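Read the single chain below, which is given as structure tokens and is the form predicted alone.
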């Protein structure tokens, strides 16, 4: 059996907020004691992670003094050096503090918008100091419960102005950073702006520096909207905009569950891993998930190991799928091409269009052909179940 031990080349990462999650939910208080960022770095090193990511206030409390900030960062750097972990990504918490109850970049109060920019610049400085190459923006409070409260056109404008400002800030500071925008349809706001990866991809094209901005899709967020996450990630890959990815799991249509990767939708997880591996995705595999509230910290370690192990198992399954002779024979039959239609594809020409309009097609035969998709899907299921 393959050794499913994580290695640095797998680029598995967790956030401080993931393994540090204490199990609080809207109906119950914490179930696990708090751990310091240094302790969490050592926990991640123990389970075999490659990197650790953070919100600014996961590491440095929002009310820390400059001296406290420097001490915390110094201790964190020492833990990174001791364990060999790196910091591939950082982000800003613009959703927890009451100041952001009406949003950050889209808040109606201009003082809140200005504070959000200030806080983000300081957090970008911190991320760059610790070596982050990707900076994620999740607008968890950028939305409404009632559209009477905000003009959506003005909110789009404010979002654009904020991203343009922060792109210029990173360029002015000569930071080697790319920005990744993370979509979510709802929760904690009733409706969040730019609610899907597709919305974000369209928004990016309106920015002053679209070349430095991509997306950070999350499994749970797209599943909350009932969407096919694999298709959204494929769109981002095709656009050259998959700068980061959040892996977890989620039952469709539920609240944000943040389950262990592969815990709910195994076939979807399989095709996601296959998509990433087949297309040479070179970024982090970041697990933005939480252990069950039932767990102590030994359970948290099992959760983290499980995320990575499931990914590696599915990576091996994808290689088997690609090498399975019967599966590949069906795919070859489905995609059979004798070359007779090739003259009609590719770049348009008037001559090509005229010739195509004169082509004769056997429409009944086109509709009568069976495609054997049932067999193909069953073979996929059997491969995942370990019987082929």
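Residue numbers count along the first chain shown, from 1. Quick caveat: nothing in here was measured; it's all calculated off a predicted structure.
Missing here is the form predicted together with a small molecule; even so, the following discussion is about that form.
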Worksheet item: Of the listed stretches (264-272, 215-223, 166-174, 100-108), which one has a non-hydrogen atom within 4.5 Å of the small molecule in the predicted bound form?
Response: 215-223
Response to the item:
Note: exactly one of 191, 256, 277, 75 sits with a heavy atom within 4.5 Å of the small molecule in the predicted bound form, namely 256
Worksheet entry | Heavy atom within 4.5 Å of the small molecule in the predicted bound form - residue from 150, 285, 184, 241 | 184
Worksheet item: At 4.5 angstroms, heavy atoms only, are 17, 95 and 136 all close to the small molecule in the predicted bound form?
Response: yes
Worksheet item: Does residue 246 reach the small molecule in the predicted bound form if we count a contact as any heavy atom within 4.5 Å?
Response: yes
Worksheet item: Hey, in the predicted bound form, does residue 91 get a heavy atom within 4.5 angstroms of the small molecule?
Response: yes
